[in-house]
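First, one chain by itself in structure tokens, the form predicted on its own.
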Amino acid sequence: MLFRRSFVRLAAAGAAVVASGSQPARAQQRTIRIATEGAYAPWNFTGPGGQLLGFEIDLANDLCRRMNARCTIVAQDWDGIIPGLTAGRYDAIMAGMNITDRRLEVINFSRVYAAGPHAFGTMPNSPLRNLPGAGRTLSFATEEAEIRALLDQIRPLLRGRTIGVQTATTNSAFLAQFFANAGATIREYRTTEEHDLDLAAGRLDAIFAAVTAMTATAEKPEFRGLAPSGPLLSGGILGRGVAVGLRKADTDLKAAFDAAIEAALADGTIRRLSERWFKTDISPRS
């Protein structure tokens, strides 16, 4: 089994970190190749000179230190990121990827390291600026009936409007499930950066995206005024939280990541990185 021998000691060392709070004994370093999108600020993005930056880059480096692993982080287009993992081009994915039942058919995940809501996003002059449910934070896990009632109110308001979304995401799946017959044009984009630009240029009436990414985009002068509209939603088709994507066979690598994430949650590292990059704590609550 791939990584079986390489990571059996790694997993045990990671578990010791959680139990004792101390650093594992130094051992021969293993090499892990981690893929990220590099176009999803502030989760991960490409800075000057092609340097990968963001919350997940900092977190990946921290987790690798805890696992006593030498890690290489590479950029990979979103629409090919899971096929690249299963083909063996890298060993893990850290790219703002939510756990979903459909993805679990193909790959495995570590424990969750971050969670946050999703929403429609609009510019100040959008006709969809004040959708029903504003200010409410709801989860499909506990409030599905309330969400569906709100979506029934929102659906007729989207008729004739154009909504942008990143392709092959939980956000695109959400729009396909609940708004396919709403009379709106759903325009899919390769990256969130592309739909943000079209929103600011007036070519879209709204986007549907993670609120964390939307908030970061709104800090740029050209996107001033970008804000969520309607309810903030999580769970169900939108996923169970963001985690490391892994091949199903790599059970020892999963155990090592699980232990390192648990330790990073316990000592407040993920909270501190969250507050640095998102200005709020997106650590999972359970």
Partner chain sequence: MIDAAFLLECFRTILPGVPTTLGLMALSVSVGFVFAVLLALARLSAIPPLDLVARAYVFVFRGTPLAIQMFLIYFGLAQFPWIRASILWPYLREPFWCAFLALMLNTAAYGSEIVRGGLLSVPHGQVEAARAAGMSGLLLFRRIVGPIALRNALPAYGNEIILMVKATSLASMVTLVEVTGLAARIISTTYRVFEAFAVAAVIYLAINFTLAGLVWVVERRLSPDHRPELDAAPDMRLVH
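Positions refer to the first chain, counted from 1. Because the structure is predicted, anything quoted here is derived from the model rather than measured.
The same protein also exists as the form predicted together with its partner chain; that form is not shown, yet it is the one meant from here on.
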Margin query: Heavy atoms within 4.5 Å of its partner chain in the predicted bound form: which stretch in 149-157, 163-171, 132-140, 206-214 meets that?
Written below: 163-171
Checklist line | F178: touches its partner chain in the predicted bound form, heavy atom cutoff 4.5 angstroms | finding: no
Check: Is E144 close to its partner chain in the predicted bound form, meaning a heavy atom pair under 4.5 Å apart or at it?
Finding: no
Check: Does its partner chain get within 4.5 angstroms of any non-hydrogen atom of V112 in the predicted bound form?
Finding: no
Next item on the list: With heavy atoms only and a cut-off of 4.5 Å, decide whether G183 touches its partner chain in the predicted bound form.
Entry: no
Check: If you look in the predicted bound form, which residues in 82-107 sit within 4.5 Å of its partner chain (heavy atoms)?
Finding: I82, P83, R102, R103, V106
